[in-house]
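This text opens with one protein chain seen in two forms, each one given by itself as structure tokens under the names structure 1 and structure 2.
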Structure 1
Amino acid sequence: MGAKRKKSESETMEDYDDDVVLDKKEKKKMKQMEKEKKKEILPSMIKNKEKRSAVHAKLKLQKKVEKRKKLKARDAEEKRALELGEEPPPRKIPRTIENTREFDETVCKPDDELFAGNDADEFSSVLKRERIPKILITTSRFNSTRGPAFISELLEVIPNAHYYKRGTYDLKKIVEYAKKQDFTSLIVVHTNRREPDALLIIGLPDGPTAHFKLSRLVLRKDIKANVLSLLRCIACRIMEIPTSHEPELVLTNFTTHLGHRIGRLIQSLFPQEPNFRGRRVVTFHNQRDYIFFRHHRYIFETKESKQGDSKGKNRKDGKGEKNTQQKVIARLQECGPRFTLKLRSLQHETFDTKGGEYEWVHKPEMDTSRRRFFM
């Protein structure tokens, strides 16, 4: 009683035949799917320009619709979870080149020995506020038309910076003169074909020397003013001129040992006591080994907003006037200049092309992957 009946040979054969039939159906479906994929006409396969653009627009619209559906479904799930008192599903982190970068052993950690050596490096006297930063700015021997305009804007960005004409002096003699005059850093703006194309930053008196490629330079006069600021104030250009207050310095994404060293070199150019009344912000943002420079001024404005009741209608007082509420809004205003830096080499001590030792030099063989970064 209760014993299971064993399957006969005929029944086992029938089950096997059913599995074989299912496998054949699945294979047929897979083949059909492959054929459909092959039949899909890609825009790159169409030679006619008008048809190609029409197919491309259609595919783009389909992707957009699918993306909207996914977003709506995700928002509905989150709303449902909140209503039930549950935790909403975790949002997916998008894959970017930055978060999928190659593993680098030199990435700084909180307990890294590098931070312990900060008290004894070349920048410690300036960053400990024992010395006030004093910057000498000069040019290459053959100056350009945009060079002086760029230098005049750098003088407004960097406090306590002084410009000296290069003339026919060698760079080593300029370094010796800067040491005697108690300068803490030397910046050389190199120009090529009437356009600034490189920056040389030398820490004094003991170095190091960093050579950057300069690109995408946009001066203050060439930065397009914000449309809203033009509507608010006719004298918008006057507002864009920065004040003489010492700016706040923002350094982001300098994560490796090399990046930490470059970050401290840039930090030594600016005073360590920003004047917050000036509302000036200088940003050096490192992304994929490109350092983006921006100079902003944040502005506080009061805006009047209409006050509405629960039904959405505006409230009125006894005289029949609408009640308004004032809100303080903060916004950024770009002062300029705007440029991008790319590190080419970092040299020990001061500038020396013949006998100088290099900490790091960029070579074309090092660019083996899009996801390999050094800073």
Structure 2
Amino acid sequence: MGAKRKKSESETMEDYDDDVVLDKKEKKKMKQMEKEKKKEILPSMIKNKEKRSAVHAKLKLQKKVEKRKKLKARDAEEKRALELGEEPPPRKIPRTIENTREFDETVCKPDDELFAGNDADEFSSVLKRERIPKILITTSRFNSTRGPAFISELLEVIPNAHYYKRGTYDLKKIVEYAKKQDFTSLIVVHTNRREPDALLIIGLPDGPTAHFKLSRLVLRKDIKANVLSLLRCIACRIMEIPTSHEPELVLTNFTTHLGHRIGRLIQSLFPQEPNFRGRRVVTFHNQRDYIFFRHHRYIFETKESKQGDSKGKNRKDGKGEKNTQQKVIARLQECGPRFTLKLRSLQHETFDTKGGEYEWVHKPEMDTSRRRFFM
């Protein structure tokens, strides 16, 4: 024990020797830095909740004020540069989770393998317009409250969709029945605690089975309620039941092979001849593995925008010489339900959880980082 103590003492003596080598000025700087660090008390170090929350609020306010100052300064510089005729300094790109997404090798590249795969997969007959999509919608065995409302709205969104009550049939038997009746897809809306919470899309005859988690469902009557309270003009007449024109389909951000396959699955639900005059659009937007469903009607409007307000005011000639620019913009009005889907599993054949082969299953061990997405 004694020997150990001696060694530790000798080590500390060596440290002191090193210190002596440092300049005296540097030592002073180091001491000042340490003092400053000690002065900055982090809110998390304060044990008293009231004081801690007060300090935290103050810090937040400081940060907010600083950020506003920075933004104002940046805008002022840009304006000045524009007036002077110089190029404004380039805006910095914010770092987002989508920007810093982990590299994925399965991102689709437009090569002949992809196109050959597209020709060979289960949806090619529908997407090449050889078969007209015919959808069978049904529910889980217990269905109540929001379920039927959601289904009636789905029936309006998806053309050529038929609803059948579930009864007590086995899902595998329903799949066979649908095959006989020449349906191209089967959608099962699963309800849990009186709220639709899962969607099962089965392609027929041998198509893949996609199991989605459904969340954030907003029915049409709830959307209408929000907007009606804001609108005062007669234009609110536009927001009625959507027409039965074939909708246009917008699928964005399905980049990987899995995403591409899911995109084609969704595409095969809708008819391939959109009626552009109907001005109806259905959007499936994929972001961070969540698919957002929106249903809009749009109108084209011409908007007159004045050019250079300050110059117009100074002119004494009058209003006749104002420079007006005609811009055509599209105004969107949301109709129909709004919900979010997240893919839980994709199975290669029709519904068979026990014996089937899964193409993709979400397991919690796959969520290794916040910047890793699969679709």
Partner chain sequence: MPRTTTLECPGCPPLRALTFDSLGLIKVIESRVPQVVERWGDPDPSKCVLAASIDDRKKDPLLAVARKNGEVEAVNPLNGEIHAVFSNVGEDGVQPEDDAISGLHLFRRERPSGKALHASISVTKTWKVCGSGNVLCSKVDGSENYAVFGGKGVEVNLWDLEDCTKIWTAKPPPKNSLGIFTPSWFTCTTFQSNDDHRKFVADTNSHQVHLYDISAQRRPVLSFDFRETAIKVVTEDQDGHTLYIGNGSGDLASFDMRTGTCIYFD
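Numbers follow structure 1, counted from its first residue as 1. Nothing here was measured: the structure is a model prediction, and the numbers come from that model. Here the rigid core means the biggest group of C-alpha atoms that line up within 1.5 Å when the two forms are laid on top of each other.
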| property | result |
| --- | --- |
| Between structure 1 and structure 2, the form predicted alone | 1 |
| Core-superposed C-alpha of residue 76 shifting 2 Å or more between structure 1 and structure 2 | yes |
| Threshold 2 Å Cα movement between structure 1 and structure 2 for residue 338, core superposed | no |
| Residue 348 C-alpha shift between structure 1 and structure 2 of 2 Å or more, rigid core reference | no |
| Value in Å for the CA shift of residue 56 between structure 1 and structure 2, taken after the core is superposed | 6.5 |
